[in-house]
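Single chain ahead, by itself, as structure tokens, in the form predicted on its own.
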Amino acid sequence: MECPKTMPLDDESRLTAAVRDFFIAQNAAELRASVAKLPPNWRDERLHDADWEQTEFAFNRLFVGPMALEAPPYASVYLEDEPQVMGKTTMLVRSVYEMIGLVSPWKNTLPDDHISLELDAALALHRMLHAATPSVRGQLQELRVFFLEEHVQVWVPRFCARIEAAPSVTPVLLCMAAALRQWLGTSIARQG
């Protein structure tokens, strides 16, 4: 599964939304629905022939609990000296959201540095940047560069590596980790 380095804008947005929805899914049906939203060049047999109940079980082992998570989906775990949530990193991410007028619908119940919330913010920044007037475009671009290059790019590769090494990983989870890496690479390349 190979995606072009620079995807058309619509595919980048579709990829972002599909990966965002996947990592916040609540059950097998939502996992399957999010995978169906992937751009056409990401649809392969590993995704369509998946055992969705097994995928949901593995998803919970990696990202939800109740046992120790195999790949916690929170930036704080990868960026703080002590793996914790709702700390300095969470507050930094919350301040980025506030700068662009976003508030997590799960504020104070789901840490703001959850991968899906960060993907949602990246998607919002992407859309705002393309609709911005020249007078605010520079500020938005600066914020996007900071968010993606100095925050997301630091922790997401570590998160993907944890997914890939997790004992419970499934083909679908591997595909979505690859999709997340592709999204990050494309987003960073597009900034240049």
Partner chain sequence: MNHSAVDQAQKAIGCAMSRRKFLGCLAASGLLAAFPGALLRPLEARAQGGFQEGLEMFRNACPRNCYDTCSIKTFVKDGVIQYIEGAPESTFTDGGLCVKGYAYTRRPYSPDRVKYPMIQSGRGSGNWKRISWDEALDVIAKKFIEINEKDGSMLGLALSKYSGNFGITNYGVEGMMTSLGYTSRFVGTPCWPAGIDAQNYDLGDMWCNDPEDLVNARYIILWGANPAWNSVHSMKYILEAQDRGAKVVCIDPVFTQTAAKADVYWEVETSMDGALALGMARHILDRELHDREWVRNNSLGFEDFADYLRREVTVDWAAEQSGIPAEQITRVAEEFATAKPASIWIGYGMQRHVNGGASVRSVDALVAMTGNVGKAGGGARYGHLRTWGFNYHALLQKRPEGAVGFLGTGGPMGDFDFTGDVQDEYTDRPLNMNKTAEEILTADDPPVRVLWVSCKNPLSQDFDRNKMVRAFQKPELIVSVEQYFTETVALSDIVLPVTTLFEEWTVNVSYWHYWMSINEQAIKPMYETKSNIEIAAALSKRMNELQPGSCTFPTDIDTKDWLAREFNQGIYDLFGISSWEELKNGPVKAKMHPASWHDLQFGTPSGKYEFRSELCAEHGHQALPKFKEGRKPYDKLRLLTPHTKFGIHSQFVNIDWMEEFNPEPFCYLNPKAASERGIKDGDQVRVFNKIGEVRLEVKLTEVVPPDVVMMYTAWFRNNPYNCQNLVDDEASDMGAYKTGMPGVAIHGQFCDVARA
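Positions refer to the first chain, counted from 1. Quick caveat, the model's predicted, so the values are computed rather than measured.
From this point on, the text means the form predicted together with its partner chain, which you will not see here.
Of the residues given (L38, C160, L69, L47), L69 alone sits with a heavy atom within 4.5 Å of its partner chain in the predicted complex.
Put simply, S34 is far from its partner chain in the predicted complex: not one heavy atom of it is within 4.5 Å. At the 4.5 Å threshold, heavy atoms of V77 reach its partner chain in the predicted complex. With a 4.5 Å cutoff on heavy atoms, A131 counts as touching its partner chain in the predicted complex. Remark: R127 counts among the residues lining its partner chain in the predicted complex, judged by a heavy atom distance of 4.5 Å or less. In the predicted complex, every residue of the candidate spot (G101, Q139 and E142) has a heavy atom lying within 4.5 Å of its partner chain.
The partner is not shown here, but in the predicted complex the stretch 77 to 105 reaches within 4.5 angstroms of its partner chain through a heavy atom at V77, E82, P83, Q84, V85, M86, M91, L92, R94, S95, V96, Y97, E98, M99, I100, G101, L102, V103, S104, P105.
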